[in-house]
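In structure tokens, the next block holds one chain alone, the form predicted on its own.
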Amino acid sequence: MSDQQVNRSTQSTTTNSGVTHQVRVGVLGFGGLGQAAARVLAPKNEMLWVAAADKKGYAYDSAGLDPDRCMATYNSQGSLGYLDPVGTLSNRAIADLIEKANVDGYFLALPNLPNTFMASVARQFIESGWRGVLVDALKRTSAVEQLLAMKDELQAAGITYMAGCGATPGLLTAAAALAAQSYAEIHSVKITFGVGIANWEAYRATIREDIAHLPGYDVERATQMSDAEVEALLDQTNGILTLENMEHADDLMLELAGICERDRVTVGGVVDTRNPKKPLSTNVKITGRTFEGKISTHTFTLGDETSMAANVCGPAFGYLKAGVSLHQRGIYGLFTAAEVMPQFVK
């Protein structure tokens, strides 16, 4: 462990949000997004990364995990369970980690394949008796609907669940909700994203979820595809995935927030799996009518230099911090990125 980590582990945090201690954070899933989450957390003083799990094991250290050691172990041996001396191999890593670790909130950096997976993870937390904050970066409307059906159970369990808190849904959904305030009526919300990654294998689950949105594909087919089949598809498209009219929970989230009906929300984009440069700029356009009767469009564009990981993990932890503030005030249940403002994590 570095000196910086030792020093950070003794600090406490008092913020305007009412969070009165350094938030102990766990990350479930340690692929590309989970590893990026570890790097995002490393310099933060208000949060301490203490726990992580993958398919084959978990690691827990109350003094803080070392991102470099964790990534080296995972990438060379295939599981954090091999991390000596704080790793444990397990076929039920999530359940074991929930039971063992003292964690205030978890970022669920998990692939939602099959489409019921995230709801099943939430069920594990409810049944374990754990109380705290959960944050996900779910994409599909139907996946968020499954969590909505569990909102009363989450509330009764003392869990504050923040759903759809990545980039889209998440950052761009929240921007749309804010921009909508200029209008008396919202005519359309159009989200267009560009993602560039140097190697699709770093984000296998994310790419499979994107493939599931292509014509002729669905979640089941994408889940069953081998790596070789994914590579063959990407060879056919020169590494480019063009996605239109995606089933993205931005529509449900904006409808729940009273912004507009879901059929006025569209999401699409382009993913380049062979080039870290974005193929196009990620943006959201909100078109509406003002109280004076004028038709106008607000456009919020993300900087091309910000990566998918930065635009997903940053908001996720901002919403986790907001969730901790709610939880400490006894406010439990299900919330979305369009309902609550994220709080910046220092």
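Quick caveat: nothing in here was measured; it's all calculated off a predicted structure. Numbers for residues come from their place in the sequence shown, where the first is 1.
Not pictured, yet referred to below: the form predicted in complex with nicotinamide-adenine-dinucleotide.
S.K.: Looking at 63-71, 50-58, 316-324, 292-300, which lies within 4.5 angstroms of nicotinamide-adenine-dinucleotide in the predicted bound form, counting heavy atoms?
M.R.: That would be stretch 50-58.
S.K.: For nicotinamide-adenine-dinucleotide, considered in the predicted bound form: do all three of Gly166, Pro169 and Met308 come within 4.5 Å of it, counting heavy atoms only?
M.R.: All three within 4.5 Å in the predicted bound form.
S.K.: Which of Phe117, Tyr82, Trp130, Tyr183 has a heavy atom within 4.5 Å of nicotinamide-adenine-dinucleotide in the predicted bound form?
M.R.: Residue within 4.5 Å of the partner: Phe117.
S.K.: Pick from Met253, Ala176, Ala109, Met162: which residue has any heavy atom within 4.5 angstroms of nicotinamide-adenine-dinucleotide in the predicted bound form?
M.R.: Checked against the cut-off, the match is Ala109.
S.K.: Are any of the heavy atoms in Val284 no more than 4.5 Å from a heavy atom of nicotinamide-adenine-dinucleotide in the predicted bound form?
M.R.: No, Val284 stays farther than 4.5 Å from nicotinamide-adenine-dinucleotide in the predicted bound form.
S.K.: Looking at the partner-bound form in the predicted bound form, is Thr273 within 4.5 Å of nicotinamide-adenine-dinucleotide by any heavy atom?
M.R.: Looking in the predicted bound form, residue contacts with nicotinamide-adenine-dinucleotide do not include Thr273, since no heavy atom lies within 4.5 Å.
S.K.: Is Asp104 near nicotinamide-adenine-dinucleotide? Define near as a heavy atom within 4.5 Å, in the predicted bound form.
M.R.: No - in the predicted bound form, heavy atoms of Asp104 and nicotinamide-adenine-dinucleotide never come within 4.5 Å of each other.
S.K.: Counting only non-hydrogen atoms and a 4.5 angstroms cut-off, does Val189 reach nicotinamide-adenine-dinucleotide in the predicted bound form?
M.R.: Because no heavy atom of Val189 falls inside 4.5 Å of nicotinamide-adenine-dinucleotide in the predicted bound form, the answer is no.
S.K.: What residues of 309-339, in sequence order, lie within 4.5 Å of nicotinamide-adenine-dinucleotide in the predicted bound form by heavy atom?
M.R.: The stretch 309-339, when checked against nicotinamide-adenine-dinucleotide in the predicted bound form, contributes only Val312 at the 4.5 Å heavy-atom cut-off.
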